[in-house]
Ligand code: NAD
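What follows is one chain in structure tokens, specifically the form predicted on its own.
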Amino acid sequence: MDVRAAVAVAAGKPLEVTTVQLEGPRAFEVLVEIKATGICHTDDFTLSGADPEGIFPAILGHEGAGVVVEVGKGVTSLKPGDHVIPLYTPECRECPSCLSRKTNLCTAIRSTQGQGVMPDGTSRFSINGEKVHHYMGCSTFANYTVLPEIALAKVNPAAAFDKICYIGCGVTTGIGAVINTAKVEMGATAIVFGLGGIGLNVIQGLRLAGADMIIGVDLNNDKKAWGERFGMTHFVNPLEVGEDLVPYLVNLTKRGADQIGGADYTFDCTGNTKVMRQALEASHRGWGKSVVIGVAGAGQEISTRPFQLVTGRTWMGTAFGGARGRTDVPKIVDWYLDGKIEIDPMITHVMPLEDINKGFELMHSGKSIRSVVVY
């Protein structure tokens, strides 16, 4: 079938909106009509050429929501008409990782997913017979896509597609990093570095968990109002602090009899390795946990003095907020419907597929929290 898609033809070039051929679902696969998709920094990371797994040509996009159109042989958990969110981190519930209950990083289709193909090693997308790669197993920058059954979460049909598509990455990653990875408790102190789409959801997760002091750190003073809207209690612009950012933050977190200072939890949402180090060193001696969420470019490394770790700090990483997609994503959609979390204010721009490159421009200029393409 012919579908409309924004194709990444090469690194560093704008997406090309064109007609692409899509083959129907094979065994254990599902054809989904994508109704809306968010434009995420990870898509931009790959398009820039900094992603070591970037493959071209490809149909990017991994933050979507849509409706099941057709299911392949052997599919039992979904049927046509079901509302779904694609999962770039699937949940097969059978691999050693899923069975361990210690991680959400399902390995069932990881190798082929990284190669830009379906589990059988082939692509469902093509242009005039030439292969076009899938992206993160999702490819939501097309109005129809095919995914493995284990990479789809069935969700409440009452939720609007142009809002819950954001749960496919940004919302779940931010809130999950707080609840699943860091396991923040009531009364905790926390610092969030980077108040973009992920960072604001970390703040929202901290508020949900009952954190007492929530410090947001960002170079853009316009983000202060955004952070406060979602629960931030203090705002710090590093440009106004200078080279002493870590000591400043440590001092800011001193409370009562605690004269050591440092946050119980810190979160890097920038992908900047210097900031990752600052986040670790701004956590509390003895028990501070620092969670790396942002993805750095190919070949970059993080460093700190061993003393920082020997004295009790923990450096952690998280992917998809530690969420088990098919199990947890439907719950987060219900949280949204019940008013426990907010999404609507973060969807700052909505556009048709033809304007998708404008969405990337808005991201680069810092004018958007999340742009959403509606088909």
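Source: prediction; values computed, not measured. Note that residue numbering follows the sequence shown and begins at 1.
The protein also exists as the form predicted together with the ligand; that form is not presented, and the subsequent description refers to it.
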- Message: If the criterion is a non-hydrogen atom within 4.5 angstroms, does every one of F56, M118 and K358 touch the ligand in the predicted complex?
- Response: no
- Query: So in the predicted complex, does H41 come within 4.5 Å of the ligand, heavy atom to heavy atom?
  - Reply: yes
- Message: Please tell me whether any heavy atom belonging to I198 falls inside 4.5 Å of a heavy atom of the ligand, as the geometry stands in the predicted complex.
- Response: yes
- Item | Contact of F320 with the ligand in the predicted complex (heavy atom, 4.5 Å) | yes
- Message: Considering non-hydrogen atoms and a 4.5 Å limit, does the ligand approach V75 in the predicted complex?
- Response: no
- Message: Based on heavy atom distances of 4.5 Å or less, which listed stretch (212 to 220, 252 to 260, 147 to 155, 301 to 309) is in contact with the ligand in the predicted complex?
- Response: 212 to 220
- Which one, T233, T112, N272, S126, lies within 4.5 Å of the ligand in the predicted complex by heavy atoms? N272
- Go through G205, G288, G137, G194 and name the one with a heavy atom inside 4.5 Å of the ligand in the predicted complex. G194
- What residues in 276 to 314 sit within 4.5 Å of the ligand in the predicted complex, counting heavy atoms only? I293, G294, V295
